[in-house]
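Shown below, as structure tokens, is a lone chain in the form predicted on its own; questions about how it binds or moves come after it.
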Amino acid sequence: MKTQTRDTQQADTTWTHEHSAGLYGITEWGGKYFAVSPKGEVIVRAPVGDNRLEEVSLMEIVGALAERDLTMPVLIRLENLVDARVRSLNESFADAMRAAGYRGEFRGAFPVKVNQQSHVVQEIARFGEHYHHGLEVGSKAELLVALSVIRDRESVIVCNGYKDAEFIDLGLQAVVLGYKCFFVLENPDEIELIVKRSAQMGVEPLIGARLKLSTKVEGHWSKDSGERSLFGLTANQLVDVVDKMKQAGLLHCFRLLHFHLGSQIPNIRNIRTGLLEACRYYIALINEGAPLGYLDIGGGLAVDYDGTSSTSGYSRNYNIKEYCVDIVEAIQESFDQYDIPHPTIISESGRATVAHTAVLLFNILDVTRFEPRAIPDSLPEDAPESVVNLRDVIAGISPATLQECYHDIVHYRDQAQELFAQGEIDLRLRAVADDLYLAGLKKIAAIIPTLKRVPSELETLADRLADIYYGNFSVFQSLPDSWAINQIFPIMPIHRLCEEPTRQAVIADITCDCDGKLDNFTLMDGYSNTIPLHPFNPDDEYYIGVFLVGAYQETLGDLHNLFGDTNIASIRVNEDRSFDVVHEFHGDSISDVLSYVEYEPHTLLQEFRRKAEAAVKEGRINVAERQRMLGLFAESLRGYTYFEK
């Protein structure tokens, strides 16, 4: 990780909002949806009407939410962006097909698992109806959602995952109702159950099969691709399935071929290679007598989280238009030489559909700064030699002696710590030694940017001196991928952006867990273990935004430390630049999260009531104090799980 090493003590008085936009890379990862205004605030550029962009400040939204008692932390869902992403995917495929003379159609199928929240799925179904945009499901619960929200019979419902008889019966009922509900075979044995249930219900199923391709992809999920991928049929298994369908007289029901190379595929060449391999399977199955007609290319359309437009695992070296063109051309070229009709292309793009649509906002509660107190002019007479030497070494620090002085500072500080552990110096002298140590490191850090070559052991010095900003949120609840798979999300202040951020920091959450922190950032100069932030004033709110969090984060979040769901607001921007809070959800109360882990809040209150009553009898408290205690306990049960001012 690259570490920012510039001097962070003096603010640049010529700093503008454009400098902040460049520093945090918002133009790159934000695309056309996010920017910094001349006022120094992050703005949302929301498509409205005929896809014209209207700007609304996140600070305006924060103010409106505060009036509704939706305090920090809060997750903002931007409905305009949900619509825009659905439109972009469908129209990009339509443009690519039109330009190439492609004679098939496109159907989107949003994977419910990527964001299962009802208002997200319902909005995709509502707006996507114009494009016949459907859903991909992997469980009975998700299938029930799809059956309730999909109204357009031209939209597809793709059933992946393992399926029991009830799952299959639900899907067959959808077919009876006229819906294009496909059962995708994940393993060879599923065909027997589908044949059996179809015969009993007298319904011809729509059958698909998932391929296990040999193509390997780059990126974080590379291990999910290739011959050792967890799901899909091998060539041998596919032959067996075809034979079983022939025996059952259902080969004409084999209508869809599916493959999934993995999530967040950064390199377009991997996608094209996998697609060409899948086309060979498609051609072979046509030769076996399967009618097919639908080719499901799965997910994998990546999001540029770091703004580099590269093959980094957090980026991609293509845009959505190039993605669509490559897919359409590859299929067309593969099939035209065999005079095979162009299939309907299904894409299960989930991450690229919803990542941009959500922003997590939280406020900073406090800061720990690793800086020395004022160094005393003279040391106590009983100061040990190690502390005296520390002071002398600091005086001699220069570019020529930098590495030697660093070693000496560490050595003498360690000696002082050992003396304290042995009881030979007191706490105050130990504190003086720590102050001298920090003063020395600060002096060294100030010289490092002037060096042509930085010694490897000093490359991370700035990280060790970075401030810790304590944010009012839980990594485990709201940004689980940051903790679990080191996912990078764009992070920046949403205001004060006409002011230079002069502090280098990591961000800790309030879970009291050593892993509850953000120390992996994307900035203009690359990845960094620290992020530039503004000096913290406890009398003024300081707001941080985490962007592109609409995919997976709400679904995967847990109850670490019993921090529950945050406050949530769905925002729709209007054509006159006003905005409506379309939906508002107050986050989990303490009572809510306790019930999730099988505590009964009423029972807890009763138990505390008995303790308080016993304390009255023992004379520890009076009745009035008892009432205040019970009132506080009951009020806390109803309160927000996060920090409340």
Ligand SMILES: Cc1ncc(COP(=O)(O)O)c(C=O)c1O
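Small disclaimer: the values here were computed from a predicted structure and weren't measured. The first residue of the shown sequence is 1; numbering continues from there.
Although not depicted, the form predicted together with the named molecule is the subject of the following passage.
Work out which of the listed stretches, 170-178, 374-382, 249-257, 297-305, brings a heavy atom within 4.5 angstroms of the named molecule in the predicted complex.
Looking at the other structure, the answer is 297-305.
Considering non-hydrogen atoms and a 4.5 Å limit, which listed residue (553, 160, 522, 80) is close to the named molecule in the predicted complex?
So the residue touching the named molecule in the predicted complex, by this definition, is 160.
Heavy atom within 4.5 Å of the named molecule in the predicted complex: which of 496, 391, 351, 197?
Partner contact (heavy atom, 4.5 Å) among the options: 351.
Are any of the heavy atoms in residue 264 no more than 4.5 Å from a heavy atom of the named molecule in the predicted complex?
Yes, contact at 4.5 Å.
Does the named molecule come within 4.5 Å of any heavy atom of residue 73 in the predicted complex?
No, residue 73 is distant from the partner.
According to a 4.5 angstroms non-hydrogen atom cut-off, is residue 113 in contact with the named molecule in the predicted complex?
Because a heavy atom of residue 113 falls inside 4.5 Å of the named molecule in the predicted complex, the answer is yes.
Please run the contact check for residue 210 against the named molecule in the predicted complex: heavy atoms, 4.5 angstroms, yes or no?
Residue 210 belongs to the contact set for the named molecule.
Though the partner is not shown here, which residues of 584-605 have a heavy atom within 4.5 Å of the named molecule in the predicted complex?
Contacts from 584-605: none.
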